[in-house]
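Shown below, as structure tokens, is a lone chain in the form predicted alone; questions about how it binds or moves come after it.
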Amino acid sequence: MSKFTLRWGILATGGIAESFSRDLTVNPETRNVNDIKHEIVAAASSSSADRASQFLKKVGAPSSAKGYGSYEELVADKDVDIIYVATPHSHHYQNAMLCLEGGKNVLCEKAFTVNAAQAKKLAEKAKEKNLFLMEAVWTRYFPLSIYVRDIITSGKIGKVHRTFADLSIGTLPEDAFDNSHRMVNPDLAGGALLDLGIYALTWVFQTLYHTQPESARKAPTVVSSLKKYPTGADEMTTMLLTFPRSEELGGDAHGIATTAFRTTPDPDGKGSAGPAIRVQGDKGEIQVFHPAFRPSKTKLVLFDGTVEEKTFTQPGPGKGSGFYNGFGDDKNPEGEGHGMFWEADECAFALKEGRKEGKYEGLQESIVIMETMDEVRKQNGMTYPEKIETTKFPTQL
């Protein structure tokens, strides 16, 4: 039986595109996925075709893969089934809309867009064109995340009433970023909220919202506080979300999502400070340890004295393979994938099955999360330039 092959185009050639593309080259059989495979057929750089071609060589793409010097050329390539949008989130709306208008399925990096209005427009366009569209919240597709959600839905920790989730990075922004850097530059929708806070919100939503019966999922009310960096972006944000629920389901649940540059839930890098995520029910809790975006350790603690620790490593070609992946200067052990292949697999399964959105975070949930971040910004007077907030397409950025 032939395997379903998903042919990828990579839009942009930065660090996250490199990590994702390297993971695409890993044989899915190394993670017990036996009926699909991935192929990188093209990449595009907005600066030059040569840069795109160099990127393809660097990530180990087939020699037949084409390098383009414009995103329009990539979208026009008839051999591309799906495009991974890997630009800064300030550019996601314009880039993803270009792909959808050109008839391409899309996996778009998180945060999905800059605001909910843009997310809604993309969802509408995907539906109009009968195309697959998914926000690339890679963490949702990890076996670890599936395990945590299964613990919740099994009732093992009882009815869940509260989740604490933090993604903070313990970095002095003045030393780490100049004011043009995407992490602090408002022109690139910079700040902790959209870049890091999305992960804290992901844990709150996937434990308090996604695990509920679909008919019971209701958007939360939001109370928030935000500390601004001198550029006008946020450097620390705290959110208290109240998810309305019937008494039968346990009544209202609280989610506390935090993000910051200067602090971290893991000061010594060894987990000594405890978990970064705590999902609390009336029979116990499930803990997840830092970093929230790529966790590898959980701890289940029940009222009856049960304590179960689990470690999840990312599969890959293994030691001796010469394969390395990571993000930026952080490299994972030899032969270990970064973990971005799980979301790629979901795209392949969806297209094979005829689905138009992700199984573990549909477009409606992505929109609700964007609405939550919109409300946080509104409450704290944080706006981005009109050209990146607009839904007008095309807009030159």
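One rule holds for the numbers: they count along the sequence shown, beginning at 1. Since the model is a prediction, treat every value here as computed from it, not as a measurement.
Below: the form predicted in complex with a small molecule, not depicted.
Although the partner is absent here, L24 sits far enough away that none of its heavy atoms falls within 4.5 Å of the small molecule in the model of the complex. Heavy atoms of I40 never reach within 4.5 Å of the small molecule in the model of the complex, leaving it off the interface. S366 falls outside the set of residues with a heavy atom inside 4.5 Å of the small molecule in the model of the complex. Within this chain, P385 is remote from the site of the small molecule in the model of the complex, having no heavy atom within 4.5 Å.
The contact with the small molecule in the model of the complex, taken as any heavy atom within 4.5 Å, belongs to H89 out of H161, K125, H89, R245. In short, of 56-64, 356-364, 41-49, 27-35 it is 41-49 that has heavy atoms within 4.5 Å of the small molecule in the model of the complex. For the candidate spot formed by A12, K110 and D195, every residue has a non-hydrogen atom within 4.5 angstroms of the small molecule in the model of the complex.
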